[in-house]
Every structure is written in C-alpha cells, then in structure tokens.
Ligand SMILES: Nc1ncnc2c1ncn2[C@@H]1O[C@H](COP(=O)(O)OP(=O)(O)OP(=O)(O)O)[C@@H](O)[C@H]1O
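Take a look at this one chain, the form predicted alone, written out in structure tokens.
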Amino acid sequence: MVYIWSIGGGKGGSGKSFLTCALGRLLAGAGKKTLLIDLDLGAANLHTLLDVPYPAKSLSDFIRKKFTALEDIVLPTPVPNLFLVSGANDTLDIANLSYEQKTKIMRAIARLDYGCILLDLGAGTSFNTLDFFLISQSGIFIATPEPTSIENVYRLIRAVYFRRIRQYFTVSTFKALEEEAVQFFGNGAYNKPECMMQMVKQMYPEIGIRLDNDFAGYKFKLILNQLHKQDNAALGPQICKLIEKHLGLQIDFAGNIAYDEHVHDSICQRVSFLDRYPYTRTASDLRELSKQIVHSTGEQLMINYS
C-alpha cells in the first residue's frame, strides 16, 4: 500500500521543502522506498536541497507528453532508496495548470509504486495547491511561530475544508448554497465553513454525511517549525484547539521543530543537515516526526544515528 503525505504551508519560508527533504532522507534510511514530488509549481527547488544536478527531466515533460508515464521522469538522488520528481525545468506556465493537466498528475501519482510519497506543495491557497493537498487523507501543515505565518496556515486549513465541500457540487449548485447561507446566517456566511456545512446538512443531508465521514477520516497534522527558545512551546496545541473550535476540523499537533542556525549553513553548503548535525535538537525533532509518519502505516521506524 502506498502512503502519500501532502506537505503544505500558508506562507513562503516556513520550511516545507527542508522538511520534505529531511523526512525523505529519514524514511529512505529506514528502508522505505520513498519518492519526493516537487509540486511547488513555478518555484521548485527540492533538487538543490538534495544536491541533485540540474534535472534533465521534469514535471512539464510528463504534462506535455514527452514521457507517457510519471515513473519515466523519476530521478535517483545521492541517498539510497530516495527518489525525486522535479519541477526545476518546468515551463513558465506550470503554475497555471488546467483542470485536465492537474487531474492527469493526480491520477498518475495514485498509480506510483513507492512505500512513501511526500508532496512538497507551494505556499498559499490556489486551487492547484488545495487539490494536491487533498490527494491523500494524510497531510502536514507547517507554520512558523510568527503571527503572519499562523494566520496564513489557518487560512490554508480553512481553504482545504472549503475546497472539499466545494468538490461535491456544481458551480451553480454551490452558488445557490452560498446564497441560502447568507439568507439564513447573514452577510459573510458564505466565507464561514461551519455555516456552509450546516446548510449542506439541511439541504443535502446525504452529502453532509459523506463530508462528515471525509473530515473524520483525515489524519492532518500541524508542525511548528523554527521554534526559538523564547517562543511559546504550547502554541501548536493552542492553534489546533482554535481550528477545532471554529472549523470543526480535527488537526493533531505533531510537534515543534527547533530553530537551528546550522540549517542555513547546510542548505548553502548543499549537505544533509541530518548527516552533519545529527545530535542537535532540530535533528531529534525531525526524527520524532518521521517516526509518527511511519507509525501511521502500522510499522516501526529504526533510525541509525551514526
């Protein structure tokens, strides 16, 4: 069985790509055949973090049918058992995928044969980002302790919630649903997922049940990255409680990842942070997160620290 984890954040600079690479290295090192897919469309850089030479093949080659299968553009990395689908050589219009192109990629990902697949998504709440996030019921939201990042990740989570509701309806039906919500709850109700869900349950009870089942099945996690010593270590659980209160969506707090200035050094030197600084608090935090991911597959993760 393939386990797909979407990794997203509402704001650039939150550390999505670094986290994706670190988790990929740990999972591959534990014996799981792991694939990283760079879906940060228009700003792909996983190849640089993995010290992979500028890729000759990219996602655009698959979209434009230069290669018939997504597997054909998979690249090896210097890490055994770790592979990459790069977006580095993509065309300028890659960030504006058509519905057909997006669907083609999503279906192709579902057919891949890997133990773990990690999707590095772009920042923000574009439909492409939301739909790629919803490929799987497992996903990681990443934020930093700054108010702007927290606000943006909250918006991203709300947008994911809305997008799943929207996928059950045609454009005209959803528009009518919004109008009913405004009449029942007042102005701005169409922008509140809890109001929209109440209207769905009233007007389309069968869809309401299916959506409840969808949301109950999600195994979303929140990570706070770059946590400084002076930051509130309990901030993450507080955000999760806020999301559950206002959105009714269960998000599990997976932990803090400590700030370490050596991360910058490792990226600039194009070396693995985990290899160069294996005994730091940040490395320990990353290992703990990787254990949680593997535990969700029903397996145990054994990590070599040397």
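For clarity, every value in this text was computed on a predicted model and none was experimentally measured. Numbering starts at 1 and follows the sequence shown.
Here the subject shifts to the form predicted in complex with the named molecule, a form of this protein not shown in this document.
Partner proximity in the predicted complex, defined as non-hydrogen atoms within 4.5 angstroms of the named molecule, places exactly one of 225 to 233, 159 to 167, 78 to 86, 193 to 201 at the interface: 225 to 233.
Taken together, the three residues G13, Y259 and T282 all lie with some non-hydrogen atom within 4.5 angstroms of the named molecule in the predicted complex.
Checked against the named molecule in the predicted complex, the candidates K241, R270, H264, R64 yield a single residue with a heavy atom inside 4.5 Å, and that residue is H264.
For the options A108, A123, I135, V74, the residue carrying a heavy atom within 4.5 angstroms of the named molecule in the predicted complex is A123.
S290 falls outside the set of residues with a heavy atom inside 4.5 Å of the named molecule in the predicted complex. Taking the named molecule as it sits in the predicted complex, the stretch 40 to 67 comes within 4.5 angstroms of it through a non-hydrogen atom at just one residue, D40.
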